[in-house]
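First comes one chain, alone, set out as structure tokens in the form predicted on its own.
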Amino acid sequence: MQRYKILPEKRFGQNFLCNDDITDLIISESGIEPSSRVLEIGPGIGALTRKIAGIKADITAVEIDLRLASYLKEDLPSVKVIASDFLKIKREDIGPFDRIISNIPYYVMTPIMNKLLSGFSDALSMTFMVEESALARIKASYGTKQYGPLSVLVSLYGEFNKVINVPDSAFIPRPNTLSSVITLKKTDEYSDVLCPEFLTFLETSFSQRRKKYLNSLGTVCGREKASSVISAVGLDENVRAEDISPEIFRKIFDLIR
């Protein structure tokens, strides 16, 4: 940071990870090997990127900050650096990837995870640094207020594991919150449904979460078909979206597409 006169940008939610023990643990838990095709979102000053490159993995790093993208290209010539907002990148323009890793800027955690889980679900695993308080939404069970599209996607993708809490002292500057490292490991039981269309379907499903689910589903396929689909999966017409399990959402999506 001193050498390149890099100061963190608040508008990008930058808190640079600067703790070797934590970065070593994240790399270990990620399952990255020399043959891995890795996607890193928000590499920052390259704390993880440098170690992944050292493993000789094939790594693509997407960085929204042009200063940092330029620095990474100079400092790590073996890394493919894309200077762009990941949320604006089309899936067909990058990939495929075996492993995904990110110290996610907390203000865009949900849209980034939603895009990865719905558009890059062929990856074997995803490893994230997230805000500890966000775990309630990421791993929410149906029937709770925190339950929503993100928790449905996480559940259907595979196995969730919280690795460790990370103190604010591991970052420069220190965030005003506790962070957690989590891993998601793909299972094949339900992941076949994960696609951008399924995310759109879920977002519509939860758009009126306090009202009957019949109302939301009716906007997708018409009220008459919505009623028959809800009946076909064994639900009451008065059910609300937050009371529907991820597996039932999968069945509903299969029936209407």
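Keep in mind it's a predicted model, so treat the numbers as computed, not measured. Just count from 1 along the sequence shown to find any residue number.
Keep in mind that the form predicted together with a small molecule is missing from the display, and what follows is about it.
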Determine which one of 227-235, 210-218, 196-204, 43-51 lies within 4.5 Å of the small molecule in the predicted complex, judging by heavy atom distances; exactly one does. 43-51
Counting any non-hydrogen atom inside 4.5 Å, which residue from Glu159, Asp85, Asp93, Glu74 sits next to the small molecule in the predicted complex? Asp85
Is Val108 close enough to the small molecule in the predicted complex to count, meaning some heavy atom within 4.5 Å? yes
Any non-hydrogen atom of Leu39 within 4.5 angstroms of the small molecule in the predicted complex: no
According to a 4.5 angstroms non-hydrogen atom cut-off, is Ala57 in contact with the small molecule in the predicted complex? no
Quick one: is Ile104 in contact with the small molecule in the predicted complex, heavy atoms, 4.5 Å cut-off? yes
